[in-house]
Each structure stands twice: as C-alpha cells, then as structure tokens.
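This document opens with one chain alone, in structure tokens, the form predicted on its own.
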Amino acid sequence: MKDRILKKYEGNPVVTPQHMPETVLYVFNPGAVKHNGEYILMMDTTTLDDIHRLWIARSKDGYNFVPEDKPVNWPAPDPSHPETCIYDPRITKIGDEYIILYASDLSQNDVRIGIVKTKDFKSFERVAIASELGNRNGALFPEKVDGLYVRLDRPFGNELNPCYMWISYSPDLVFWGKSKPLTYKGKPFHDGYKLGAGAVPIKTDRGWLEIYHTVSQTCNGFIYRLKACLLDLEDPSKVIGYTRDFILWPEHEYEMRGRVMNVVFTCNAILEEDGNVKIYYGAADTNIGLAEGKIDDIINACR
C-alpha cells in the first residue's frame, strides 16, 4: 500500500460540539495559527439559532484544545452589507498583525469576502468587505508580490455549479482587481468539479505551496477532499505542479456523517520548525480533525 503523505491524528476528532462550553450544533473549518506559544483555532460554530459564529479554542501542544467561554466579539458589519453568517476564516500574519479573510454571508449564493485584523485575538478591527457578491475562499499570501497584496479566491454564480481558484491583487486590502483564474501550462487550472483555496499559501524555495480542496460529484451529492499545488514565486497565478492523488479524504464516521456528508475541508496549514505541517480540518461540517505530514513530502508529490 502506498504510504500516506498526511497521517490523521489517532485522537481525532480534536474538537467536537461536546467540547464546547455552550450548546452548539456543529464546529468545523477553523483558521489556525501559532501565537505567543499557543495554537489558536478560530472555528466555525453553528449555534442553536442556525447562525454560523466564529469561536476561538487554544492549545499549548496542538492536540488538546480548550474553547473560550463565548464566541469571538466580532466587529459590527458594514451597514451596506449586513452579515447573516460569518465562516471559513483564513489567518495570515503580516508584520505584527493577523489579517483574517472570511466568508461574509447574506445567503448561500450571496457571499462576499470580508477582512478584519487583530494583534492579540482579543480585539478585532474591520478592514473591508473586499469583493463583489458571489466570492469566497479568500486566502491572503503572507507577503506582497510586486508591491501588491495577493489573495486566492473563488468567484461563483451558484454554489451547485463548477467554479475554480482565481487570484486577485490589491494595493491596500480594500480595492481588489487584476483578477484572473489560476493557470496550468497556459490553461485555466481545473481539478475536479469545483476547487478552491484551503490554507494560506506557504512560501518555499520551490514555490508557494497551497493546500486546496477539490470537489467531486456523485449520484447523490459531493465529496470534498484535499490536494496540494505549487505556485510560481514571482507569478503566483501560474501552477507549476500539483498532486495527482488526494492527500486527505473522508473515510471515518466523523468525516462521512454530519451536517454535510463526506467532507474534509481546511482553512489552514501550520508549518513547524522541524518541517512538519499540521492541518486542522473540518470533518463533515460537524467536527475538527488533525492531519500531519512533512512539507518536503507534500512538495515532492506536487512535482
């Protein structure tokens, strides 16, 4: 049997609704970073009113997490764009700030990319609602390219239709443009019925490493799985290699049964000093699992 690139933590799931200090229906799709010696998960939670709210859990060792007492005290929405739900945060550190891109939801198909920032994960400041309607999966690169901020995103018309990864640029995190689809060998990069950014890209000497989700159709729904690609360091709109095989897929009860069946989905990838990568992933939109692997193995699989 072929060795797995990512190995699932034997204690999975690491966070479930039963771990939460209040009754929630589901907990899933966290952004994740290391900050001041702690692992921080900023998790999607669905409360009893069926609204998604972000909730922070903390850990000293990356395996045992303690949720905070209450959801994140999120800044008030832009009056022109009331938020019915906020979810799927990707957290990028630039300087001494953490910039969070998230889905700002009016309805399932009326979604925009919101941006807030923090220095301490206690207080949060709104930056912008930074896309037109019908865009999500925003992941901000941790440094500028040619003097511009860069993000991966995924514009779409209807959630049930095919849609793919795009890239956009901004001078100030507010106004975004120069948007175009990622390409592979000169053609739009399509891998599955749908695909979109997962983790914040990781800079390596062989390219920007992006862990992404790809979606397959079945006779009665979708399956969400993870793959990886390398983007050109100077022109990250170009895919220079990707994994032909899935690197993470649903196979256990906690990944196959829940709010959304047959889903593994990530908004993060934490690179440790020893080259190990931790990926905290949403499982069936109900629990949070952990998978780990070596960054060199993931990069080699892309080439």
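Each residue number is its position in the shown sequence, starting from 1. Quick caveat: nothing in here was measured; it's all calculated off a predicted structure.
Quick note: we don't show the form predicted together with a small molecule, though the next part is all about it.
Stretch-level contact analysis of 231-239, 244-252, 261-269, 53-61 against the small molecule in the predicted bound form, using heavy atoms and a 4.5 Å limit, identifies 261-269. In the predicted bound form, T45 stays away from the small molecule, with no heavy atom inside 4.5 Å. The closest non-hydrogen atom of R151 lies beyond 4.5 Å of the small molecule in the predicted bound form. Of the heavy atoms in R136, some are within 4.5 Å of the small molecule in the predicted bound form. Taking non-hydrogen atoms only, Y87 approaches the small molecule to within 4.5 angstroms in the predicted bound form. Note on the partner interface in the predicted bound form: the residue among W176, W208, Y102, Y224 having a heavy atom within 4.5 angstroms of the small molecule is Y224.
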